[in-house]
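Next up: just one chain, as structure tokens, the form predicted on its own.
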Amino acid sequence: MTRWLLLFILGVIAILMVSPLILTVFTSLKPTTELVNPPWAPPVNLTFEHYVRVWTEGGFSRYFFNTLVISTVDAVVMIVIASLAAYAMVFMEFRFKLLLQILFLIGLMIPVTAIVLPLFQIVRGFGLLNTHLGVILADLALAVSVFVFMFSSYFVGVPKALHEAARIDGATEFQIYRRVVMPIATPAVVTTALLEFLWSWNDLLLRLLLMTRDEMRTLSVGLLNFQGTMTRDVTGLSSGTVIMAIPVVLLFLFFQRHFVRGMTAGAVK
């Protein structure tokens, strides 16, 4: 009885979570004449005209490219920076190590909204407004603390004997990092890549602040073009939302096993 009750509760929660996405897909596939129908009713005559309009006239092809470039570079560079920093924190001894750990900890506690104006001044001072590089550097600076601690929690579980054996064999620290530690840390790498890609893909605040030119905008900012003060392009907004959601959903479907392993690794070590 308890098992069936739990399954029922989980089923209801799943339906509540999935239903907004289903309604969005239905709306994006409906002709304009069917918008008067109930939103939960599936489209009678499927149409992809809204997707074509959003992709071409709405500029989503350009927004998609900008978002893909920024998010991909964010994920790759974050893996390198966070894993190297975590390796140094776990396996190496150096001066001011404790101070550096405290600074990373402070980075976890400071909200983005508290430093967004100083961040804008810094990016503008370096002449990086309306550039991919400016947004990428801001993304990395704001999220690096989270992933340093994530990699550290995973590296702590790597046997010290394995590290010491490689050092005795004459391997350098970088060789140990690249050939011994990182191959074992695949779940942490996948988790970092997915989370950083997701955060960068969906971020709106920094994109609004640091990218004012239309040709540099991303998908999250592009969605605002379909909302006005008095009117709202419901079909365009729904189509744009689906386009924005598809890459993230596919990534999680392909790498969900590694993602779960990476998220739970630190909890059992």
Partner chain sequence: MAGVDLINLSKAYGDTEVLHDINLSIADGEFIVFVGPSGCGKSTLLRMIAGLEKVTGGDLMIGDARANDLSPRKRNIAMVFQSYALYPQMTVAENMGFSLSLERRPKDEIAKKVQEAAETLKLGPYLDRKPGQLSGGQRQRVAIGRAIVRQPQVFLLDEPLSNLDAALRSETRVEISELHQRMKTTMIYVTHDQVEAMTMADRIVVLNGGYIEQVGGPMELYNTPATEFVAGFIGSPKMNFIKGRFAEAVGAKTLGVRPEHFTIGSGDNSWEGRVTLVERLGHDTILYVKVPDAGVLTVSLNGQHQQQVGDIVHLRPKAEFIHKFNDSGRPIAA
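Positions refer to the first chain, counted from 1. Only a predicted model underlies this, so the values are computations on that prediction, with no experimental measurement involved.
Absent from the display: the form predicted in complex with its partner chain. The rest refers to it.
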Using a 4.5 Å heavy atom cut-off, which stretch among 116-124, 133-141, 192-200, 160-168 contacts its partner chain in the predicted bound form?
160-168
In the predicted bound form, is there a heavy atom of its partner chain that lies within 4.5 Å of any heavy atom of P111, even though the partner is absent here?
no
Partner proximity in the predicted bound form: V180 to its partner chain, non-hydrogen atom cutoff 4.5 Å
yes
State yes or no: in the predicted bound form, is some non-hydrogen atom of I184 no more than 4.5 angstroms from a non-hydrogen atom of its partner chain?
yes
So in the predicted bound form, does Q175 come within 4.5 Å of its partner chain, heavy atom to heavy atom?
yes
